[in-house]
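Considered here are two forms of the same protein chain, supplied as structure tokens in two stand-alone entries, structure 1 and structure 2.
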Structure 1
Amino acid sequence: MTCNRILAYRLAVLFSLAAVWLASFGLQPALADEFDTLADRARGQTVYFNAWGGSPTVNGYIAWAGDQVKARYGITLVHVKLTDTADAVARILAEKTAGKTAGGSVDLVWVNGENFASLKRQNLLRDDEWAFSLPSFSFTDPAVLPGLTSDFATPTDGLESPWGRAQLVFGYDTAYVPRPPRSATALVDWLKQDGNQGRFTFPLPPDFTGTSFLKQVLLEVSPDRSVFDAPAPSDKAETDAALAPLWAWLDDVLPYLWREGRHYPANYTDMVRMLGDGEVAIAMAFNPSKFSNDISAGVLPDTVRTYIHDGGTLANVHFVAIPFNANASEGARVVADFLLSPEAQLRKANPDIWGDPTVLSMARLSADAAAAFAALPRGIATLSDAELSASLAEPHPSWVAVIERGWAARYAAN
């Protein structure tokens, strides 16, 4: 009986493996054919790509991608530079409000976390699992990088296509900081020392990096961080209790923050500039090679180096999504596929261009492509992959609003 069951199980596994193997023959050409027809229909379309436009390096990369899709697919890519991705969310909503179910103004949007959760909740995205059917998606491995299909713990369900990876890193000026503080607690001690007072801050929440820093501290100082894997409870007393350690930490450091916590830089590029001026001694960014880039650009002195906290830092994946009413959804899918292609990912990962880590799995690339990634230059201030391996998973996105509102009420209202 038992033997039979084991045999049946083995057979089942064997058959399904065979089926997958057979299907992969059929599937690949089918996918490719499908994509070719898609590319045909996309020819001549204009794709309005709504993406945060605050970084010249990112803008430069998107402009390059535009040239490429123009040459390869005859698609015109227009970068709509957003100050805040939520603008695009609001606009798509406004279009839904007005009953505009086709011919929308946003074709592709750079998104993740809270904005994605909001778009998904309001059914504002194209929902045919298009992202999983892109040919380039086969170069990724969600089993190795779960963030590819789970965006801040929200299942992507193929509503968005991965574009890049991010991890919170800190940059410090060795001229002023001999040994950087490698935890939230050490940061407080460092900040209280004479000469360091006033030389640290974070971007004004709800800026993405600013909120991320709050989440980082929260995860570090909470006795039980598993609370944050689940959605935030609706009971205010429970969330208050969960966030209490964060507020205690902030109350402690507030008098020692830059401008006593009365003002904050607008975002991380603003803060990195302050590091370059010497106004602060430590800054942070969600891109591990940001500091090396800025050293080579002359924005930062070459005495700047990076570090992460000993317990790991927040890491996540960012995506591109297509609104439900996109005017050029074929073009948008072709662009999303190109952005995920090894060639585009390689260029994006190059610290001289942008330095955004790839979402592709080296094991699934050709040997040549994998070698090209391995050969990428690493800036003088960029940590190695081994040093970056300590990472923290993002809390459930529903915590973002709770944290931001709590922060605003406590620190931005008086």
Structure 2
Amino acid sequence: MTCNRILAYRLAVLFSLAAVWLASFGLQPALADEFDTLADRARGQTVYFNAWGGSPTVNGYIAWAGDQVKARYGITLVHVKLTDTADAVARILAEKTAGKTAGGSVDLVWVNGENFASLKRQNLLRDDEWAFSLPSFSFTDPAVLPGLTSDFATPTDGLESPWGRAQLVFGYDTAYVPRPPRSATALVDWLKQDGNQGRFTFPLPPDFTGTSFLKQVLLEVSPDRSVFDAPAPSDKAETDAALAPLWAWLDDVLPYLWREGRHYPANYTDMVRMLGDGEVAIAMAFNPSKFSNDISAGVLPDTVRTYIHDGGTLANVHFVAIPFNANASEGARVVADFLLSPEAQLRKANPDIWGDPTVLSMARLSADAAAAFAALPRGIATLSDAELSASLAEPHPSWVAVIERGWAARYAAN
């Protein structure tokens, strides 16, 4: 059997499993023949993929994906390099305002968070559940990774297809911390022990990682975290009540933080350096590979390892979406499916290529595909995909400003 025939057989098996799983999820699968029809219609199209272009690593990966969809489907993929995704959002909105309902300049856009919320709110996206019907979507598991269908608490409704993920991880030096605290509550107990006082801090909010840590604690200590799935209420008394557990947690730990909470590192880079210098015993980052990369670079000792909290840590997913007036909608769907395929996700997860964590569920993959992911080089401090499987969905983006204002009012003057 040739390599191509082996690949075709494995894909047939995977798509059969996909159909069974999608049926159990209550979704309508795109059958193989339907996808073939879609691919036939996409042949010869040019897909203008608007995506951040600030990283040679990312740019190289997109160029590889372009070569693949050209060879397999006859689709030309043009990477429109953005410095800010909001530029693409503004362009799509301008086209709608001008009445351009077809032949738009954007076929596919890399997006998540507030930009997706803005596109959805203004009806600027293809309005069916196209992402749920992609064959490759069957390799994901929204029950385990809620961020697949809830983009910063905005339901995706199948209007965007997952592409990659980020997750908060903690790094610690095993030379000083034999058993790291694996919850916000355990962290308080650990900080109060002799020898640990002053050995922990977090980046100063509104730094992204610092605010993310506050969100992590908030979700862990709140009696009803579902409150944060909805937009923050305008009534201050309601937001004060919702955030009260977070402020109580901070009031408790403040005297035991590095420099008693009077000073904070500016960002996670500074905090990781402090871990390397031994000033703190635990640091954090939103890239699970960060600590391994810094060990390789000599910034951290090789005794550093990572962990997440037992109840999961904050994670978010980035997506690709199709505008309402895309000129090559069929080609965009075929490209989105390829980007989500086990083959493309495996290459993207390789730290020698990009190192972006996969959105696929190992339990949804064939044994061979799961083994290929398990065999990826990870670095000595990077957790496995299975170890990173416990995650928490991001609160609605409107809570960020509320948390940061509350932080500034209570603690910034310390």
Partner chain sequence: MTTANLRPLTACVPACILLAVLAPVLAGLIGAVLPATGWFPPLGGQRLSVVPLTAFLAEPGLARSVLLSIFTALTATALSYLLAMGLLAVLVGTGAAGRLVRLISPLLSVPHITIAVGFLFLLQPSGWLTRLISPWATGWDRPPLLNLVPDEAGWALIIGMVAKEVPFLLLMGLSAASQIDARRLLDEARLLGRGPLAAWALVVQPQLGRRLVLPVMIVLVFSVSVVDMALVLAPLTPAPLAVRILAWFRDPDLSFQFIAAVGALAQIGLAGLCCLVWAAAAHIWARAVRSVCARGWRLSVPYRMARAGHALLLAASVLPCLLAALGLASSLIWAFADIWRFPDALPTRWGLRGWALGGDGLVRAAVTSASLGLSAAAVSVLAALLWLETTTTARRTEGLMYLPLLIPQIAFLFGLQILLIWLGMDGRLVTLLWVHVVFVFPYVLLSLGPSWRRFDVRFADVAATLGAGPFARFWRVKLPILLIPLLTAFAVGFAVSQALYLPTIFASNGRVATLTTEAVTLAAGAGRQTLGAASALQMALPLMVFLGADFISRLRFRRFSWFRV
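None of these values were measured; they are calculated from a predicted model. Residues are numbered by position in structure 1's sequence, first residue being 1.
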*For this pair of chain forms, which number matches the form predicted on its own?*
2
*asked:* With the chain divided into two rigid parts according to how it moves between structures 1 and 2, are residue 270 and residue 409 grouped in the same part or not?
replied: yes
_Quick check on the domain motion between structures 1 and 2: what's the rotation angle of the smaller rigid part, to the nearest degree?_
40
